[in-house]
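One chain is shown next in structure tokens, namely the form predicted on its own.
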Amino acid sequence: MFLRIALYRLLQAVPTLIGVATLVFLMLHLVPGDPVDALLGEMALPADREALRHAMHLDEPLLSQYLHFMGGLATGDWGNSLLDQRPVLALMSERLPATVHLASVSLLLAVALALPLGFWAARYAGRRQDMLAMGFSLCGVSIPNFWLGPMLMLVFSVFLGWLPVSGMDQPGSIILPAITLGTALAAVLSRMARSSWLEAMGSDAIRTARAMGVGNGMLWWRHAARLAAVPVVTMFALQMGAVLGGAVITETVFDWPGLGLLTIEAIQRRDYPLVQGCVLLIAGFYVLANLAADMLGMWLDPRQRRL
């Protein structure tokens, strides 16, 4: 039953990916600029420009280009980079480990901050501790990555000289990017943990356990925690996909050689196949994260096991 539902949800994701691929293709072809100019320059001879345009299928109608693009995706041929002339999949596979490393550390940091803050806020709901925890959460949600990153670099790299400014080759290079990316995730998860814990403590199951003489600590850390885990784990799984979207900005700020920075570089160079591949890969992670959230929710709560 569980495997059948998982396969059904996975099949539902296929039209989503097709729609994303179509939107990416159309939007890139509507953006001002010509990749031929980016490759040859505006002073190139007309014959050279037309030959390159024919080689990249840019002289064909838009529908033919779209069918060629979708056929390549279906056969595993994502095309070659216009500038590097290397397969798109090879370029992305080189950058993906750096993004996975940054995302993993950021998620671990987010969990390490969010769960204690969420419990602290729920345990002292309405008091000063709750306001302090939720104030941190509000700051984490409100401060954008493109501002927080440079401020951390200015303080810890320029003024104090404790950590590297950019890149990933030096010891401690992961700290500032992970803080920049993880604080926003921690803020979202802490608010979800607080509300889930409070909702669980007000449920009939907890009232029954309290009437049977279960201690307060056992109520908070065993019974209520199990009830609150479903929405928190689901939100965490969704954030696994959102972290890649945030990594685009964070990697650009810190010159982190991952998939996000590769996407920005490809956009600046009008490298259509590489942009399409990067966006599709990020969208695929989003879809897989949603599927993981559904599967975790059904595993924790059998009531959700319905098609």
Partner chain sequence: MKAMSHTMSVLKLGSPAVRLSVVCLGIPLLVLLAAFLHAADAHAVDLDAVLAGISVAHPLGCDALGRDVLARLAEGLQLSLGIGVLVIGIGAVLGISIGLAAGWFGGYVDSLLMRLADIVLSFPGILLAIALAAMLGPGVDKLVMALVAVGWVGFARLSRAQVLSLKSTPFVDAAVANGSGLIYIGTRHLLPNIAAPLLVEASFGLAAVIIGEAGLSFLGVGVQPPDASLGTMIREGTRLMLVSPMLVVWPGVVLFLLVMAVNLLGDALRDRLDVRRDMRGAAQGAGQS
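Residue numbers count along the first chain shown, from 1. Definition used throughout: the rigid core is the maximal C-alpha set that superposes within 1.5 Å between two forms. Values in this document were obtained by computation on a predicted structure and should not be read as measured data.
The protein also exists as the form predicted together with its partner chain; that form is not presented, and the subsequent description refers to it.
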All of 139, 143 and 192 within 4.5 Å of its partner chain in the predicted complex, heavy atom check: yes
The unique member of 154, 108, 89, 205 whose heavy atoms fall within 4.5 Å of its partner chain in the predicted complex: 154
Any non-hydrogen atom of residue 63 within 4.5 angstroms of its partner chain in the predicted complex: no
4.5 angstroms heavy atom contact with its partner chain in the predicted complex for residue 55: no
4.5 angstroms heavy atom contact with its partner chain in the predicted complex for residue 164: no
Proximity of residue 209 to its partner chain in the predicted complex, heavy atoms at 4.5 Å: no
Interface segment, criterion being heavy atoms within 4.5 Å of its partner chain in the predicted complex, picked from 111-119, 231-239, 166-174, 93-101: 231-239
Residues within 4.5 Å of its partner chain in the predicted complex, restricted to 181-208 and counted by heavy atom: 184, 185, 188, 191, 192, 199
Exceeds or equals 2 Å, Cα of residue 286 between the shown form and the other one, core fit: no
